[in-house]
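Single chain ahead, written as structure tokens, the form predicted on its own.
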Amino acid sequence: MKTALVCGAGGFIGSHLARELVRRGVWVRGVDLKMPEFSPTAAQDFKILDLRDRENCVAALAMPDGSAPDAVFQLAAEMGGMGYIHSAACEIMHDSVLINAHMVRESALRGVKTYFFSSSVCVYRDMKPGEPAMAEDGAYPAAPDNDYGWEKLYSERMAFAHARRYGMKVRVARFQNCYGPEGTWRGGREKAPAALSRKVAEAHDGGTVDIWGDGLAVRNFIYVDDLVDGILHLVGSDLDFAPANIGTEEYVTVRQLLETIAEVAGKKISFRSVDGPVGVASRNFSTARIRSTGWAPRHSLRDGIAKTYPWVAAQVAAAAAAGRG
């Protein structure tokens, strides 16, 4: 891989992926509706383009010499945390399907060798705590908990359909909950680790924070550097027509996540249950397929929060100092 297009390079995972690709000697074009929010892009070239329009996908794919990139990493999507997913189903399904339909089609027509699509474990059904780990084939018969999951399933199938017809190498990863520095931490689209880190940072020692529901929903969280490493292991693998779950095997309740953040912060924090979208009761997925590539996560939840919480706390302090908190 000498050249790559990273769609969604202005976002959290996409910006980290672009940085790692450049570190590995790849020439990267980043494309998004916005530049990365918290640090300059690592991409050698960055274009502000709305990939819902086919013509913009064509422009994104045209490398400076007129050729197509060796690889396309398609992470551009309309998405956010649980609150956003449950309030913006129409935007999520409409916008993301347009992006995925145009990008995979134009990539195939232009002879892109490798196409990566970022899917989600939201494609799976609701699970009960303690159920055996679900392998990737367990996504069918389909019963996602939300429309975000339905869109991801359709877009997976669209990508594999183009692989069969055009011979393009397609790799699909189903992401578990990702967190780390430089992720969205306020505004309604933040994920649970960032949202709870913000609340703990804003609370005084001995204070109370709100959580949606009873806090007993079981989740799995993967640190962003480990996720990026998993993506690149998958792209370099021979796992044809086989989506791969990328995540850890460390499962915690939302209450335990809060306790971990409070411990890192050095605070005693209580919680108050409030109404809000909780999502599924539990998720427990096999990572055997991605581990067959030689990949393994390097960060425990405690290790990752130890890197993430100080960054979020610094954003909270800076916003408060500027009068925007």
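Just count from 1 along the sequence shown to find any residue number. Here the structure is a predicted model, which is why all the values come from computation and not from measurement.
The same protein has a further form, the form predicted together with ligand NAD, not shown here; the description that follows concerns it.
**Student:** So in the model of the complex, is ligand NAD close enough to residue 51 to count as touching (4.5 Å, heavy atoms)?
**Tutor:** Yes, residue 51 sits close enough to ligand NAD in the model of the complex that at least one of its heavy atoms falls within 4.5 Å.
**Student:** In the model of the complex, is there a heavy atom of ligand NAD that lies within 4.5 Å of any heavy atom of residue 148, even though the partner is absent here?
**Tutor:** Yes, residue 148 lies within 4.5 Å of ligand NAD in the model of the complex.
**Student:** Spell out, yes or no, whether the shortest heavy atom distance between residue 33 and ligand NAD in the model of the complex is within 4.5 Å.
**Tutor:** Yes, residue 33 sits close enough to ligand NAD in the model of the complex that at least one of its heavy atoms falls within 4.5 Å.
**Student:** Is there a heavy atom of residue 76 lying 4.5 Å or less from a heavy atom of ligand NAD in the model of the complex?
**Tutor:** Yes, contact at 4.5 Å.
**Student:** Only one of 126-134, 105-113, 248-256, 172-180 has heavy atoms within 4.5 Å of ligand NAD in the model of the complex; I'd like to know which.
**Tutor:** Going by heavy atoms within 4.5 Å, the stretch is 172-180.
**Student:** Ok, 219, 191, 199, 162: which has a heavy atom sitting within 4.5 Å of ligand NAD in the model of the complex?
**Tutor:** After the contact test, the surviving option is 191.
**Student:** If you look in the model of the complex, which residues in 8-34 sit within 4.5 Å of ligand NAD (heavy atoms)?
**Tutor:** Residues within 4.5 Å: 8, 10, 11, 12, 13, 14, 32, 33, 34.
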